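A single chain comes next, written as structure tokens; it is the form predicted alone.
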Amino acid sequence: MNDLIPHLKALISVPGLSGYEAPVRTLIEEAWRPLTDEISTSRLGSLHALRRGTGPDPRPSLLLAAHMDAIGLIVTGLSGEFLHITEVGGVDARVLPGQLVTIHGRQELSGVIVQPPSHLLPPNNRQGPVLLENLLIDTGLDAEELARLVRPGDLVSFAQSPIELYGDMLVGHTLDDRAGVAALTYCLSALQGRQLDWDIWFVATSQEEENFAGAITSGYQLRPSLAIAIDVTFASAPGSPAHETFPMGKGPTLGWGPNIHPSLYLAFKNLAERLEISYKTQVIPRHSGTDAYALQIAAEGVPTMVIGIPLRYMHTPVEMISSKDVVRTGRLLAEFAASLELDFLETWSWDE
């Protein structure tokens, strides 16, 4: 897939806040429809795309999930010419002042996030970063026109354009987890023309940033035999603890912990080494904070794995990833899906 970067740029250039994923879902569906046998939308807005296997019915199935929803903001009130806001998903408010945004009101409006002068802030917020509750959006409109076009409850998305930095680095908002979605697109492309014994479900989940609702409901609806959650993880940065962050451009992370089935971890570890795909093991001692948690406990329970793409500046409008890590993730997923034989589940156990 030679157009990975344009595809990823397109994915992060459209809105799709948690619970309101329709704009990006349409874009993903356009990319996935020619590569799949069947495609549909769940009742909670997740996109389900199927590559049908050739094994005898009933076939086992693998579910590959990446969440398409994004963090952002929502209007909570108007104060004259300014908008008050709060977060949708977790937003790092320290970097918000000066950010360009789009307000999705009666019509789309451009705006900028501003902070009042320190002497006009509440006494408890005159030192350090300005709290989100004290930030405002300025559109340049007068109070009357603003009230006509914007209401409390209107969504606000980040408007930072994608930027390619040196090497293979890409910067932009919403790379958490549109980078994972792009890895699934790469995987689908890599599987074209290859025979599959298993059914492979590609799922772009909704509402992960708020409540995992898309993964919870898709897990119950599709009842996969195995499930893999592809999400971003914390990349190394100045001052970051080496044992909790991972280098960019050195491949994906393979999760290890109670949210991960040991045999799945070993299968991916052995496959990555055989393919000479570099990886790091990420110890996840509790809830992984990804769709894997929801998928693992769907119905009777699903053996689950977490694969991470290292990302810097998480939950800001200037997230950064290496496109090499997206490609390696997509290739690893494709080779795993293609390697699944019908008796795979009979060859391993929890006690590996």
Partner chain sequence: MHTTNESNQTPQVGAGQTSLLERLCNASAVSGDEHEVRQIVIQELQPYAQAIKIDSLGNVLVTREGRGTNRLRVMVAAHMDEAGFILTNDEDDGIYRFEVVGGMDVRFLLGKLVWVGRSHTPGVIGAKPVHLLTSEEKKKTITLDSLRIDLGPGNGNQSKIGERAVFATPFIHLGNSLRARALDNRLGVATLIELVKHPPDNIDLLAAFTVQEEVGTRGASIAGYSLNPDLAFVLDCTSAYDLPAWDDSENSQYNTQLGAGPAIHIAHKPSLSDPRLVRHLEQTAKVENIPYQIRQPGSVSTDTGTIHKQRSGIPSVTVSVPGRYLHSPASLCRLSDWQFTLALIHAALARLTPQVLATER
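Fair warning: this is a prediction, and the values are worked out from it, not measured in the lab. Residue numbers count along the first chain shown, from 1.
Omitted from view is the form predicted together with its partner chain, to which the following refers.
S.K.: Please run the contact check for V318 against its partner chain in the model of the complex: heavy atoms, 4.5 angstroms, yes or no?
M.R.: Result yes; V318 sits at the interface with its partner chain in the model of the complex.
S.K.: At the 4.5 Å heavy atom threshold, is G111 in contact with its partner chain in the model of the complex?
M.R.: G111: yes, in contact with its partner chain in the model of the complex.
S.K.: Examine Y293 and determine whether its closest non-hydrogen atom to its partner chain in the model of the complex is within 4.5 angstroms.
M.R.: No, Y293 sits far enough from its partner chain in the model of the complex that none of its heavy atoms falls within 4.5 Å.
S.K.: Is E81 a contact residue for its partner chain in the model of the complex, using a 4.5 Å heavy atom cut-off?
M.R.: Contact with its partner chain, yes.
S.K.: When its partner chain is placed as it is in the model of the complex, which of 193 to 201, 263 to 271, 179 to 187, 230 to 238 ends up with heavy atoms within 4.5 Å of it?
M.R.: Heavy atoms within 4.5 Å of its partner chain in the model of the complex occur in 230 to 238.
S.K.: Candidate spot V95, L121 and E164, all three in 4.5 Å heavy atom range of its partner chain in the model of the complex?
M.R.: The answer is yes: all three residues contact the partner (heavy atom, 4.5 Å cut-off).
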